[in-house]
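Each of two forms of one protein chain follows alone as structure tokens, named structure 1 and structure 2.
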Structure 1
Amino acid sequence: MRRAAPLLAILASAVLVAAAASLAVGYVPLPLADLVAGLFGGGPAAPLVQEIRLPRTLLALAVGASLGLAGAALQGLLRNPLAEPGVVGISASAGLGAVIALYFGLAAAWPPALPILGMVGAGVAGVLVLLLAGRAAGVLSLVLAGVAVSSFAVALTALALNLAPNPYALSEMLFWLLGSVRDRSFDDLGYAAPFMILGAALLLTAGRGLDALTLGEETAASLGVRVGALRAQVVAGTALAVGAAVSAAGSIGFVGLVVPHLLRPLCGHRPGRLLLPSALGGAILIAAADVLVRLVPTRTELHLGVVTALVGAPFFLALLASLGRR
């Protein structure tokens, strides 16, 4: 673990820089002195910084961390570098659960229904992918299972939006497909954060088991790892973290794919060591993307998934090509 310390320190500093940038950038110019004063107590900018920018920044960090961490854990569990909440359909299914909660009045009657149904959707997809792709999933079967689960969930989401009494179904669809943290409040963060933290705790403590699993299931079992329990822990952790993240911010693709890959060469090839750095890296990526969408002068704000896809899709294709050559 000694080698990991400098990397973690660098990543943690980058998280702080990204968070500071996310607090400093917005639709209203804000002098640095006002920003700092507003953040730590008083001043005229306090409502803007504390009620608008701070929850937005914290949510971006938490969502990014959840997606990055879940990506790293799934890659370890499935022993497949293409596993990622978006690719395997977990994000889309979480979105389906959230849409059902929102547009059939459940979330209005009882707000925690939103993250809970998001997590149920994510959990169902996680179990489905495990069943469909098998335990040590090949590249092809995993991606195909993900395509099937993802398309199915997106189609059902569109169906739910069509059935619900909602004249803005089409514009809402964009949010659930591409994600955004625009104008979120501490209420949104409050409903999602406890589940994201619980999920992250489950995933971070799976590191030792995932390390053992790289040696094969039998060896891992002989080392005292209960593989079935490990699998349940990772799927449950992913369902909690990603389900809550998607119910608050929509589904944002490619984060869990790009981040672990960039960090893997720096962490050595033990999946357990990759978990915490991937959480930090995901937080950096989403916070930075959220700064970018506020700086790009488009007529309406870009969705976060647009930015992550612009970065992630070429990356995914390159990765697929290199796996094919191997």
Structure 2
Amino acid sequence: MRRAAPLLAILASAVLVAAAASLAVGYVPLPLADLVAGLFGGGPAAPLVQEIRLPRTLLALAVGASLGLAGAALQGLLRNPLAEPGVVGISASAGLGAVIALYFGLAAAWPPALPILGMVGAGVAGVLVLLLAGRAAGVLSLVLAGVAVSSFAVALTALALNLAPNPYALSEMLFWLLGSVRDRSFDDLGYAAPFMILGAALLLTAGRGLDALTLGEETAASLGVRVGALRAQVVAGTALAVGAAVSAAGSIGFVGLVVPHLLRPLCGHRPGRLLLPSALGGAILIAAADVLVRLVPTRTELHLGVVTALVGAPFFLALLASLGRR
């Protein structure tokens, strides 16, 4: 932990800087004095800061932390640097749950329906993956089960889009799937935060088992690690954290792939030591991307999922080419 302390301090400082930038940048310029006063409940800027910018900033940090942490945990579990939450079908299934809430008008009638159904979709995906893979399944079975669940969820999502009852419903589902933390409130954060925290706790406590797993499943079992229970813990933690993140902010990809890969060399290539830095790195990435979408001069604000895909897709190809050369 002593070796990790400087890295954690640097990342924590960067999180604070990214949060400050997220609060300061917006379509309405605010003097620093008004921003600080509004943050603590005083001055004319208080409603803007506390009701619009603060929940958006906190949600961006929470979503990024959940995605980065889940990506690091899955890469440790699957022992594959190309793994990320979409591999086990959780992101696509959470998106399907939210699309169902929008398709049937449940979100309009009762706003909590969207995050609740998103998390239900993620939970169902986690259970299905574990059931399909089997109790004593290996990494390949887990990945294949995840691919099957993800493909089915994507197909059902496409079916819902194809059968959208009206153009407004179609645009609402499409814009939500692109991912964004714009126009979110403390209610959205409140629905998702407990599940993100519970999922993060499950993932962070899996560090010792993930370190042992780098030696192989048989060696890890000889060291007292219950590999089946570890696998279920990581999948459940990912379902909770990523399901809550997707249900609150839509589909935002590549964070769980890019952040752990960038930080892994700084953590001694130990999966357990990579978990917390990846959470902080994910928070920085999403907060910075959310600042960027507000600075880009476009007619309509870019969505976070678009920005992360534009950055993550070339990164993924470069990583794949690098692994191929090795």
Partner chain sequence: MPPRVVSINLCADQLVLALADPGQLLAVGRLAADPTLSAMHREAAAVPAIGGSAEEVLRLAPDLVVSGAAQQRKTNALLRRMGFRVLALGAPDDVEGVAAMIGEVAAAIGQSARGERLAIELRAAFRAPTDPVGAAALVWRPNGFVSGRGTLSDAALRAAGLENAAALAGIGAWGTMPLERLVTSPPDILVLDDHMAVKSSRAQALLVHPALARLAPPMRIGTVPTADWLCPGPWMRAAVDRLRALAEP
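We call the rigid core whatever largest set of C-alpha positions still superposes within 1.5 Å between the two forms. For residue numbers, the reference is structure 1: its sequence is counted from 1. If you're wondering where the values come from, they're calculated on a predicted model, not measured in any experiment.
Of the two forms shown, structure 2 is the one predicted on its own, while structure 1 is not. In a rigid-core overlay of the protein, residue 194 has its C-alpha displaced by under 2 Å between the two structures. If you fit the rigid core between the two structures, you'll see the Cα of residue 75 move by less than 2 angstroms. Relative to the superposed core, residue 225 shifts its CA atom by less than 2 Å between the two structures. If you overlay the core, the Cα of residue 104 moves by 2.8 Å between the two structures.
We note a C-alpha movement of 5.6 Å at residue 127 between the two structures, with the rigid core held in register.
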